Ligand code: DGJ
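The chain that follows stands alone, in the form predicted on its own, written as structure tokens.
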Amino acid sequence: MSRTSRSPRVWRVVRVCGLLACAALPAVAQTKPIPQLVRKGDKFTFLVDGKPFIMLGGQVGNFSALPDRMEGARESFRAMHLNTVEYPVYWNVIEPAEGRFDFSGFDQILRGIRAQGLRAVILWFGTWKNGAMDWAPNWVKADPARFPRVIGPGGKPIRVLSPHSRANLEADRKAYVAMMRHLREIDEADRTVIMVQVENEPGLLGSPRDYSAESNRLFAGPVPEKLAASLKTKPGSWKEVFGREAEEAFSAYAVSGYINEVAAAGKEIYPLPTYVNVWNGGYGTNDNWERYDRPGETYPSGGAVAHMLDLWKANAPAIDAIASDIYHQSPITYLKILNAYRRPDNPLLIVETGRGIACRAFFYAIADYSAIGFGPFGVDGAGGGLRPDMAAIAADFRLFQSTIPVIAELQGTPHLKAAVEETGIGARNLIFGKYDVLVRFNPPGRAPAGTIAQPAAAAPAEPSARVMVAELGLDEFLVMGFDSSVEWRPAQGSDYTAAQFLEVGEGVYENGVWKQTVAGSTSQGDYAGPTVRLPAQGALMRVKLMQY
């Protein structure tokens, strides 16, 4: 039928149907919003599916990211109450021969994580894994003439690819870009992968810098003008600008620039947020404190350790976050590291941590340092179940997971605080708008922390009490924690003398709405103020109060 033969009525119907069809197309083609880090003032919010998200992560072992092993770890992920799994992608596995890529295992692992309803962070084990080249492909390792290694101070090559080599960088970049292109093809609609770690604890383990002829030439020259300007230093040689840290800064410039190129190339294909993790060291923070704490000896030289953060931030803009790996058990050292990496230009992210302090550090990190994620290492142990040393952090995640929309909004404000037991600390005062809150740490079956005449048999192996208090409104609070009691009084200096509960109950959030699941209890004796008690297994409580 020719156009001129159609009646006006028929054309009106055709136009309406066409408009409806066009309106429907975007809904069919549209994918979920890409994950992104949003900064407002000094606060970062991690948006996943367009909503605030806090990673309750868990990293698998270094050798665990193979399909059968990841399949066997499903129950461990469930027992840990994770919302995100962190796992490696090995360069030598996806590119066994130059230019020939095999993503079959990659796809299988990703499908398994997606089937569990979890998110993923992939860890690129490329040029660097723990300051070495162990996960580079054999065709790279076997050709040192083309892919040069770092030359150590003794003139011999070490187990590290040189960050000054274009051939090394281009080979890594090509593989990383191929991975990101494939990831976009198979995951853009689902957004299972929400972030990418570019390399792993990068740097030079075994030498403070590369002593090859080309590197010696560069080290003898001036600090690049752009870097000196960014760091607000006078121009000069590396030694003139950085003094005793010259060799480490020289390596940090090379390593950060190398990784920035890799990350930027990947973002051109698929712009997921990126981060670099850090093997800590320097200035007394290294695990090997009984040794001289020097770059290239006790930690990889050139990594984004605390005293190199300004350089890394200036030279690697394609990296969205620098994430410290923290295995220290001293709360003083742990908090020092949290404070160093929580910066106005850097969201706090802990992707590797472990051992006893982790369950308490989670409360510090989320409430006091506005962490966007927290993840212990080695969650896939115990033959597919829950590792005993992970039970406490799993309990934290179980208690916390439903509160993420609420807590994420309160991070970075005075309305969210933590109280954590440490040796010698039996209670903490938390100051809010209308109320002072006293948190007492009372682990059952043992004397209070700091008791002088405490019998040896009763001494706690590890402090366990931890509490997070969120002020939801002027007279309303959310409380979660373990082994503690929490009491409210009117703020000091107010016109009120006491407080009492109006409502108190234990529950969870469902789709952002509070649902009471267990009737709460109050303690309203003549001399006791309104108090909630948090048992060893933990509790999530919501209370409403009044003052009189």
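This is a predicted model, so every value here is computed, not measured. Quick note: we count residues from 1 along the sequence shown, nothing fancier.
Keep in mind that the form predicted in complex with this ligand is not shown, yet the notes after this line are about it.
Undergrad: State the residue from Asp475, Glu201, Asp187, Glu261 whose non-hydrogen atoms include one within 4.5 Å of this ligand in the predicted bound form.
TA: In short, Glu201.
Undergrad: Find the only residue in Tyr327, Trp139, Phe101, Tyr283 having a heavy atom within 4.5 Å of this ligand in the predicted bound form.
TA: When this ligand is considered in the predicted bound form, the option within 4.5 Å is Tyr327.
Undergrad: In the predicted bound form, does Thr45 come within 4.5 Å of this ligand, counting heavy atoms only?
TA: Looking in the predicted bound form, residue contacts with this ligand do not include Thr45, since no heavy atom lies within 4.5 Å.
Undergrad: Examine Asn130 and determine whether its closest non-hydrogen atom to this ligand in the predicted bound form is within 4.5 angstroms.
TA: Asn130: contacts this ligand in the predicted bound form.
Undergrad: Taking the shortest heavy atom distance, is Ser64 within 4.5 Å of this ligand in the predicted bound form?
TA: Outside the cut-off, so no.
Undergrad: Even though this ligand is not shown here, does Ser76 get within 4.5 Å of it in the predicted bound form, heavy atoms only?
TA: No, no contact at 4.5 Å.
Undergrad: Which one, 319-327, 108-116, 157-165, 234-242, holds residues whose non-hydrogen atoms are within 4.5 Å of this ligand in the predicted bound form?
TA: After filtering at 4.5 Å, what remains is 319-327.
Undergrad: Can you name the residues of 411-441 that have a non-hydrogen atom within 4.5 angstroms of this ligand in the predicted bound form?
TA: Heavy-atom contacts to this ligand in the predicted bound form: nothing from 411-441.
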